[in-house]
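In structure tokens, one chain follows: the form predicted on its own.
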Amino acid sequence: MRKPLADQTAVHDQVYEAIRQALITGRIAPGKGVSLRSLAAELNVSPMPVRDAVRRLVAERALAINPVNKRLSVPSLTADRLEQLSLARLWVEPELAARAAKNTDTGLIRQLQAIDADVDEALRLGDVDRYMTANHAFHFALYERAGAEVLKAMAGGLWLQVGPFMRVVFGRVGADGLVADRHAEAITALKAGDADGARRAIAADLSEGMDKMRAAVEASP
């Protein structure tokens, strides 16, 4: 959300995508209130497109509005809500990976290998922004190949809700806690056209990340 956006007819969509990406990569932190005015200033736009984007994101349960002071925040992550998000992700995302395995080609493999190398480098450097961006890029480059727009849209909505908390987990456990490379396992399965293997690799990747998030929630006051 750092670059000014061009003043054009698509500005509403640009603002929405900018705030959406900030949520997915955890740049809007849980528990930190933000205002329409501050978002508009950061994006260098008027409040109107920000208000429209926020309305959409509230409907997607990615943001909540405090009725008292009208400030925006990421909704709290209770144990029950986390459990529901975990179940939904494990229903949707491994299925996308399995479908993608049936449509894999060398171009996708090279793309995923390059992104995974970026994930590994971010982990080595402890670069949170780079890790969050690359990790999301890996998953959705894979899911794009599934040819299942309804499921992919569902996955996108789920990442909107978990992204801010994934960043918190990364900050708490550090790079050493995130080094299990399930992405490499997924790539191996994709090369073999192994739908069940791709499903298992992504399910394991999600389960390990959500388990860390669950531990963080349980450790919170």
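If you're wondering where the values come from, they're calculated on a predicted model, not measured in any experiment. Note that residue numbering follows the sequence shown and begins at 1.
The form predicted in complex with a further copy of the same chain exists for this protein as well; it is not shown, and the discussion that follows is about that form.
Heavy atoms within 4.5 Å of a further copy of the same chain in the predicted complex are found in one stretch of 135-143, 121-129, 100-108, 87-95, which is 87-95. Using a 4.5 angstroms threshold between heavy atoms, Ala148 counts as touching a further copy of the same chain in the predicted complex. Contact annotation for Lys70: at least one heavy atom lies within 4.5 Å of a further copy of the same chain in the predicted complex.
For the chain shown alone, Arg51 is a contact residue for a further copy of the same chain in the predicted complex, at least one non-hydrogen atom being within 4.5 angstroms.
Contact check for Met154: a heavy atom falls within 4.5 Å of a further copy of the same chain in the predicted complex. Only one of Leu63, Leu39, Val169, Leu158 lies close to a further copy of the same chain in the predicted complex, with a heavy atom inside 4.5 Å, and it is Leu158.
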